[in-house]
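Just the one chain here, laid out as structure tokens, in the form predicted on its own.
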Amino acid sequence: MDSQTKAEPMRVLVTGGSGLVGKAIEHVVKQEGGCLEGEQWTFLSSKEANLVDLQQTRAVFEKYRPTHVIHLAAKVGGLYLHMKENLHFLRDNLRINDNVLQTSHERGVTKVVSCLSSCIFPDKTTYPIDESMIHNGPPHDSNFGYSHAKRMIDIQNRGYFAQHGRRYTAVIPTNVYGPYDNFNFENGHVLSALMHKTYAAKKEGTPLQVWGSGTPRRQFIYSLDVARLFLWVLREYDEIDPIILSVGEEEELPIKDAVEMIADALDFKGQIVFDTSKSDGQMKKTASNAKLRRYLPDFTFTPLSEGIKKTCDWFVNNYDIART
């Protein structure tokens, strides 16, 4: 890392700090010794600043004067909300990302690590997908607005490096789940929405209705694993090119297998019904974690059944504060 970083402790601003990954990073920083001596970490929520607005973005950077930024803030939703409002997702996310990156540049921020999404990958592609293939064709049509806005972060990072020598980079986690996720039925992530549905079906004594066939395959990564890797990227990873944060290809599994793990974790004994009239989205998005493994061959991921159990327990114990 460069001499400026060594000379003064980092002041890290985490945008989207109250979301799934932000809360996980906060846990690792505060509970697992992730904060080094003298460092200041600020976890920003949308209540404090609307990053779609440039003036509010500048004001929050003026207030906290970060040397480093972890950029998680985004306008997000589940598959069905994205399908309805692609233009909104495109415009709001383009604005948020440009405001954060340009303000970081103007204020001399040493490093920005932005969060991309596996939905940015081309729809028609060969598998496994790696970091070099992001722009090799259009993303899946269901959320083209959000996906293109996220892809542009990679383009901007290259631009800030080419024109200004800035070391701004990005990570691409696969399907993240964990405590503090959005558990809403309609616009939550797949596992969290299924956890809430299973919890409700158990409580009401009704069958569990799963949208889609249950056959699409996904790689799921526990939010605390993502958080630990984010800290490594912030401190050690020196490339501008993005890096995929994912479990291995061999860990990809059908949604229906995850449903069974959730049913086990919540002790749901009722009937499970797959509603095939609902869209499945992409059938698979297999990502390669070979680049991550070259850097961190010994990193241990939380097994899916264990992460699901921990998340279900958190949801049940924190139902009153969970986003439902």
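Here the structure is a predicted model, which means the values were calculated and not measured. Residue positions are given as counts along the sequence shown, with the first one as 1.
What comes next is about the form predicted in complex with a small molecule, which does not appear here.
Within 4.5 Å of the small molecule in the predicted bound form, a heavy atom is found for not a single one of Phe183, Ala263 and Lys309.
In terms of contact with the small molecule in the predicted bound form, the residue from Ala258, Val29, Leu292, Leu44 that brings a heavy atom within 4.5 Å is Leu44. The partner is absent here; in the predicted bound form, the one residue of His189, Arg151, Arg228, Arg166 having a heavy atom within 4.5 Å of the small molecule is His189. Proximity to the small molecule in the predicted bound form, taken as heavy atoms within 4.5 Å, picks out 48-56 from the listed stretches 34-42, 48-56, 294-302, 263-271.
Although the partner is absent here, Leu234 is not a contact residue: none of its heavy atoms lies within 4.5 angstroms of the small molecule in the predicted bound form. Ala74 belongs to the set of residues with a heavy atom inside 4.5 Å of the small molecule in the predicted bound form. The shortest heavy atom separation between Val176 and the small molecule in the predicted bound form is within 4.5 Å.
Not displayed here, the small molecule is approached by Tyr146 to within 4.5 Å at the level of heavy atoms in the predicted bound form.
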